[in-house]
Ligand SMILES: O=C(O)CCC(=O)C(=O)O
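Just the one chain here, laid out as structure tokens, in the form predicted on its own.
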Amino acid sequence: MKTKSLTEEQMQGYRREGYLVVPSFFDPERLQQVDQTIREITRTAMASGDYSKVLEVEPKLVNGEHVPRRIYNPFEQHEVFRSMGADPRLLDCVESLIGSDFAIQHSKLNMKPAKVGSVVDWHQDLAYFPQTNDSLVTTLIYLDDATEQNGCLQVIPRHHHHYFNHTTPDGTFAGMITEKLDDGRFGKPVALEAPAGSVIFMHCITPHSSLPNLSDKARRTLIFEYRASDSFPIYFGPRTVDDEALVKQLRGKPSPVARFGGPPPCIPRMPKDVKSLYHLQETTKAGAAKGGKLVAA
């Protein structure tokens, strides 16, 4: 099996920009296996009558039917996803970025259905699950060709060394950046278009978002979050305990000590009954529409 370890140039680019795109990392045969698994899981869940523990649906009906927009914790749900998340070539790249001792923290699969794929507003991943340091990397695997038309990922480069505000004026966690990002102060967003099978390695504090899918085809992304073994969660409520149940060591050994580093994390005051990023962001925007204010002071 050929190695896919990152080159020194790629690692420097990641550290400088806060992300790295590796085109066509996974071959079409592997993607076909994933596609079949997605279809099996969604078909079974939707037919069960209670899909709420397996997946989340778009708020808008399509031809009178619910369509999935996210599969929860795919790494836990099927061997095909576990095989991809623990692929030795992928882990070689992760090791290049965060060291030889690391675990998978969580996983998800965003579906972006044709014509209705939900917006994901600007946010930084580590704002959702504060850690003692920022040695975490998000890998996003494009399962379909990704373009601006179908809502590909977009990032704001070189802003992975500080946090933006993620709170509403009353201090509640908004699940999204509440500062203005469109006035040019932070540079222009970069759309990360890439063919199916490509992998994006993204620093856990890189600001990112995605637009709705306006095309006629779905644009799906399989996401795995990895963290260095000496990065430990900062407790901010029962959600922290629930999230830790999903952590699995993939390489090296667990660390007996916590390392502190990176920008000081904000500790979110979570609203109740948060189901997902989508749900939290939609709740925030709905509240702002009623109150006439979203951007925090």
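The numbering used is simple: start at 1 and walk along the sequence shown. Treat the numbers as computed from the prediction; the structure is a model and nothing was measured.
This protein has a second form, the form predicted together with this ligand, left out of what is shown; the following refers to that one.
Q: Name the residue from V120, I104, I156, A218 that puts a heavy atom within 4.5 Å of this ligand in the predicted complex.
A: By the 4.5 Å criterion, the partner-contacting residue is V120.
Q) Of the residues N213, N110, T178, Q131, which one places a heavy atom within 4.5 Å of this ligand in the predicted complex? A) When this ligand is considered in the predicted complex, the option within 4.5 Å is N110.
(Q) Within 4.5 Å, heavy atoms only: does R70 come near this ligand in the predicted complex? (A) The answer is yes: R70 has a heavy atom within 4.5 Å of this ligand.
(Q) Taking this ligand as it sits in the predicted complex, is A196 near enough to touch it, meaning that at least one heavy atom pair lies within 4.5 angstroms? (A) A196: no contact with this ligand in the predicted complex.
Q.
Under a 4.5 Å heavy atom criterion, is V22 part of the interface with this ligand in the predicted complex?
A. Contact check for V22: no, nothing within 4.5 Å of this ligand in the predicted complex.
Q. Does this ligand come within 4.5 Å of any heavy atom of E95 in the predicted complex?
A. Contact with this ligand, no.
Q) Within 4.5 Å of this ligand in the predicted complex, do we find a heavy atom from each of E17, L192 and H203? A) Per the other structure, none of E17, L192 and H203 touch this ligand.
Q: From the candidate stretches 157-165, 181-189, 81-89, 121-129, select the single one in contact with this ligand in the predicted complex, where contact means a heavy atom within 4.5 Å.
A: Selected stretch: 121-129.
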